[in-house]
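A single chain, nothing else alongside it, follows as structure tokens in the form predicted on its own.
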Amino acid sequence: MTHAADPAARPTLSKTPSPRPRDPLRPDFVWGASTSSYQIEGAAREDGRGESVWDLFCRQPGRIQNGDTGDVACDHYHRYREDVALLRDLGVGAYRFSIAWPRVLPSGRGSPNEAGLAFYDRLVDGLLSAGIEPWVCLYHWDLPQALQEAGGWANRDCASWFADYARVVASRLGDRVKRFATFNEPSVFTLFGYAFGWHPPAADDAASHHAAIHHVNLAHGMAIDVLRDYVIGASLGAIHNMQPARPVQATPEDRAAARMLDCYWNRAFADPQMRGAYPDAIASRMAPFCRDGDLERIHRPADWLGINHYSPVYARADSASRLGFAWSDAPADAPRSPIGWQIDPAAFRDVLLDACDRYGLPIYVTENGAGAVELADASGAIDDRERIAYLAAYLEALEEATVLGADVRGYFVWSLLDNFEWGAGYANRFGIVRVDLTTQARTPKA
């Protein structure tokens, strides 16, 4: 569901890029690449790192395809210098990565782990030496297991624990890092973790889900204040997945289900963080967890909005659902990427326009890319023409959005490396650099 004008009234995405008299992107447009800690770092039991919820989740039989884990992943913890060199050779201006909370605070709170902080010192210094701006995301899903055992995001105290963690990171890195995001895709880890049981903590409880939403929002606001206090010249935002929520069939019931999916997927975090209120459709469900002053604490001034986008999402009616919708696959006739995700560049264009209208902040696309199941040739090379075509189409859509008025200031491809893709393990490859999981050899793709 879009929030602005009827997308049918907008120009259709052209199949062939038309000549333009000028580059529609800003002269200071940021080109970057993104990764996240659990998906690439490995070294899960080294140098004092504590366990995360994903460490335990991956050990549960049947949770992850092929029984994969992030124990080694891309071994970035040991090979970060090589990966910084890849970024330099790629010519990007920025690198977005996340901090592993349990590497910095093994129990989630208490005394910091010097070895963990020193790793991020080395990474940041290496990036700066290579002329690459570090963009730090504080949370990309790897909650310390010790905090989960204390209730995790369903416990209101987790917001304060997160603010304390933000203070540790900002105090250590804030002299060199100015770009910080609080959370990556909070709607995903709360919905999949607390309502659908697909991610840790594998819960299916509406009350815990709504509590987690509110406490993550509260943590965001508290962390923004901490970062403002500790980082001179900070440029702060949060990263939200934004994807049109569509009914799988054009029935009144499926349309109503899509409206509820839109609230939970696109607006349950962005609206209170940037507009100061929960969407009307879920406000009564959030009320039991809101205390006086909470929405003011959540609604803190931000400098930019990070958007992750891959494809539309679909809902169907389900009378048994406590949330008012059930997840659905895209229609069978929809164009798809090799891993089955719908390809719809026009939806990307419309998301950028809608978000600009609704939130009024500069936008950075912090994730976009195409997954595939890829086989290398004898030399280890991969000719990923389908990915190239996907990226070309989506970048054309981004340019069209800017021509139509969207204030888009940067684009980060997902991902630099083939990495651990959560429930899919290593079967889905999103990297623009191939990683041989046996040898850890890196090979840039076409």
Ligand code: FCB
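Start at 1 with the first residue shown and count on from there. Remember, it's a predicted structure, so these values are computed and weren't measured experimentally.
There is another form of this protein, the form predicted in complex with the named molecule, and it is not shown here; the text below is about that form.
In summary, the region of this chain contacting the named molecule in the predicted complex, judged by heavy atoms within 4.5 Å and restricted to 112-120, 292-300, 308-316, 255-263, corresponds to 308-316.
For the three marked residues, W141, N184 and E367, a heavy atom of each sits within 4.5 Å of the named molecule in the predicted complex. Of the residues Y359, W341, Y80, Y230, just one reaches the named molecule in the predicted complex with a heavy atom at 4.5 Å or closer; this is W341. Taking a 4.5 Å heavy atom cutoff to the named molecule in the predicted complex, the contact residue among Y38, Y411, W414, Y394 is W414.
In the predicted complex, E421 approaches the named molecule with a heavy atom inside 4.5 Å.
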